[in-house]
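Okay, so here's just one chain, in structure tokens, the form predicted on its own.
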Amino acid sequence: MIGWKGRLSLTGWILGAITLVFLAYQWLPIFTLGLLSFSGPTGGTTFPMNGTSLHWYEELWRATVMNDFKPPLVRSSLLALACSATTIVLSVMAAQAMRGQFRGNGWFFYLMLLGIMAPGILVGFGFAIMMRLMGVELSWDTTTFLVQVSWTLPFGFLTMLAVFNRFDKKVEEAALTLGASRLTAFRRITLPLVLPGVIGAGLFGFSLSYDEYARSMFTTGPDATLPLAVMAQLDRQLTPEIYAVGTTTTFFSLIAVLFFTLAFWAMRRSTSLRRSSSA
């Protein structure tokens, strides 16, 4: 008969194995894509690889106008950064408002979640029709930005709600009792404590915007974002250059995650140093 310690250890091993299988299932296609991006000049899009080289990355760099992915990459990166910053600000404001009781807060909650509930293609198509009726020109930095924020904001909002639900209001009340203004209490007390949620909301805003296709398909205008450019290339010709694009975008995404992680660590470090010096 296995004791409770043995059952606990066995459960840990089983859960660890399931987690490893899930991670392998998630990352193996990305690893395969990265491996195939280093095929030789005559390499195809399937195994076995025909040689190894940086040929397709060189092709990606000196691409012609028809398959130049650098401008779409820049557009998607700028758009993702803008959506990330906007998601952080709006989600913190909305979650902070939900902490208080006001008439219609239930309707406000469900209104914030409409961006998740509505199908992306219908949202993009309807928004594009509305903009045309209003005489607004479709563009990646205006109409696409607005429709993508409506998609990223609910995720940031839910993240901040979860963080604020675990937040002890007594800490804020103590700061207000000691004479701090509400703005000072938020800046010096609340924001450092909810900073992990802020970073999470920013990551949601960046990652969801960076590879968004359905909502961008009808609202981007003549200058395509990276997902639209990749899909257009797939319709023309499938080469390992697509794998090079995917590997490059994955690398940029990891860099963004690392940046947010380092920013969070630096802020927490700075807060700790200030508290230790004031003590």
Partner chain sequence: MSTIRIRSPASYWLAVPAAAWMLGVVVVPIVLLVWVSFWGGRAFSTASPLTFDNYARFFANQTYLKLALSTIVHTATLMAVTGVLGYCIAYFLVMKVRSPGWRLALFLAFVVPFWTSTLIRAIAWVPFLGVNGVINQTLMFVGATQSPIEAFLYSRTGITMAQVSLYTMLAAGPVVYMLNAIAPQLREAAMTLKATPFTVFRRIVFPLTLPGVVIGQVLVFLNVMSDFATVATIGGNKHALLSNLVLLFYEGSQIRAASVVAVLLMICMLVGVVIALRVVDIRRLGAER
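Worth saying up front: this structure is predicted, and the values here are computed from it rather than measured. In this text, the rigid core denotes the largest set of C-alpha atoms whose superposition between the two forms falls within 1.5 Å. Residue numbers count along the first chain shown, from 1.
Note that the form predicted in complex with its partner chain isn't included here; everything after this is about it.
Colleague: When its partner chain is placed as it is in the model of the complex, are Leu111, Phe125 and Arg132 each within 4.5 Å of it, taking any non-hydrogen atom of the residue?
Modeller: Yes, because Leu111, Phe125 and Arg132 each have a heavy atom that approaches its partner chain to within 4.5 Å in the model of the complex.
Colleague: If we define contact as a non-hydrogen atom of the residue within 4.5 angstroms of the partner, is Gln26 a contact of its partner chain in the model of the complex?
Modeller: Yes, Gln26 sits close enough to its partner chain in the model of the complex that at least one of its heavy atoms falls within 4.5 Å.
Colleague: Is Phe218 close to its partner chain in the model of the complex, meaning a heavy atom pair under 4.5 Å apart or at it?
Modeller: So Phe218 counts as contacting its partner chain.
Colleague: Would Val147 show up as a contact with its partner chain in the model of the complex if we use heavy atoms at 4.5 Å?
Modeller: Output for Val147 is yes: heavy atoms within 4.5 Å of its partner chain.
Colleague: So in the model of the complex, does Leu60 come within 4.5 Å of its partner chain, heavy atom to heavy atom?
Modeller: No.
Colleague: Which residues from 15-41 come close to its partner chain in the model of the complex, meaning a heavy atom within 4.5 Å?
Modeller: Leu15, Gly16, Ile18, Thr19, Leu20, Phe22, Leu23, Tyr25, Gln26, Trp27, Leu28, Pro29, Ile30, Thr32, Leu33, Leu36 sit within 4.5 Å of the partner.
Colleague: Inspect the rigid-core superposition and answer whether the C-alpha of Ile30 shifts by 2 angstroms or more between this form and the one not shown.
Modeller: Yes; that C-alpha moves by at least 2 Å between this form and the one not shown.
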